[in-house]
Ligand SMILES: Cc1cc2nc3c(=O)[nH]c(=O)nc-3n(C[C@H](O)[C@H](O)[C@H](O)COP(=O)(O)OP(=O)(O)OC[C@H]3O[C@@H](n4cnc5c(N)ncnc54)[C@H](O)[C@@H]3O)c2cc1C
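Shown next as structure tokens: one chain only, the form predicted alone.
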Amino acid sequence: MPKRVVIIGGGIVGLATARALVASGRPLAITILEKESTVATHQTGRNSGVLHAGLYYRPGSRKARLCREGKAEMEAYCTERGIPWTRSGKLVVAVAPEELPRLEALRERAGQNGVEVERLAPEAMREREPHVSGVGALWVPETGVVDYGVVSRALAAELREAGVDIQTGVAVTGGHETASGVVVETEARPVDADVLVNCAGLFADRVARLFGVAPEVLLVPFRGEYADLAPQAHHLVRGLIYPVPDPAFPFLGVHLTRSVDGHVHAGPSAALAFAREGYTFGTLKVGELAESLGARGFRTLARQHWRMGLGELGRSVSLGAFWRAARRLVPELKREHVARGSSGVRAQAVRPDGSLADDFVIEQTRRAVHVINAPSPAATASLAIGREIAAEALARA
């Protein structure tokens, strides 16, 4: 009799996990429960669409390893399925001399992670991106772009053909493990399973708690807004232009990206969202905001990074501040070139001491695998992550 596996969450990690389970060849009855009407509605469908090369992540971490493995798999999958993708390359730019030591540290980390990079002087930098300004840069030729929403819809179609039951519009309300399996409570009816996989994204920590798991981390939502560049400014950006990141903060700063369809956008910002699905400044859920503000870890984080937090909030509410951040990289960018674009919310795992989880957070019980936090580069790494999650699930089936 097939073992029953229930996956909560129809984002790209949940879909990739289901694909790896199908590929295992084991007799399985796989069900995906997605609370929205379509797959890939939240973090998967609201990001920069970057195929990350893997230079930022701590050597030896899951992020570093799975990003490298997953990127190659994602490129192969897209090529096989006829999904458009481009290896456009990325320029990481030091705008001021004081940023050069961080740029060099990033070059060393890239080497440790097996990522090909080239150190460029200003003249060579402008050969790659003629309109950029800075004192030095790293060229990362492996970085690319793809539309992860398109990828997710292709995965969903493949899974349905393989007999996976993808149920949309089904919200999980509770559940518990039993001696022989798991009971998943939904708004409609309970669903029995032998194994549970929690890929609930922005709500993964809450779903884990519904099943009696107490994650060490709290997911705090950070809203990222994007600005669209007017068509007359598209020529200013050939590929991807990034600032040198602050190693103390998990966000990469406002950057410029030419998408796979040729559209160019700037962003994202990284301001505290007032709801887990708070895609606008005015979206407020009092209970969810109180959960973030009341957490000791978040308060410690806010005290440590309040200046950066105010700057991100300013970019969130002021398009002018957003433009000034992008203009540091491309001075020819004019205020009239930018307009409000889309937004996304990133779930950031914060520990009780205020430190930020710098790797994927996955917890297991006897009958369940909980993907508590899988932020960027999870979309790039999704096929590799899904394979590892599937192996953990199969060990419990």
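Heads up: residue numbers just count along the shown sequence, starting at 1. If you're wondering where the values come from, they're calculated on a predicted model, not measured in any experiment.
Keep in mind the form predicted in complex with this ligand is missing from the figure; the text below concerns it.
- Although the partner is absent here, Y77 is not a contact residue: none of its heavy atoms lies within 4.5 angstroms of this ligand in the predicted complex.
- Proximity of V5 to this ligand in the predicted complex: non-hydrogen atoms within 4.5 Å are absent; the residue sits far from the partner.
- Mapping the unseen interface onto this chain, G344 counts among the residues with a heavy atom inside 4.5 Å of this ligand in the predicted complex.
- A residue is said to contact a partner when one of its heavy atoms sits within 4.5 Å of a partner heavy atom; A18 fails this definition for this ligand in the predicted complex, lying far away.
- The three residues H42, R46 and Y148 all sit with a heavy atom within 4.5 Å of this ligand in the predicted complex.
- Heavy atoms within 4.5 Å of this ligand in the predicted complex map, among the stretches 320-328, 194-202, 104-112, 90-98, onto 194-202 alone.
- Contacts with this ligand in the predicted complex, taken as any heavy atom within 4.5 Å, map within 158-174 to V170, A171, V172.
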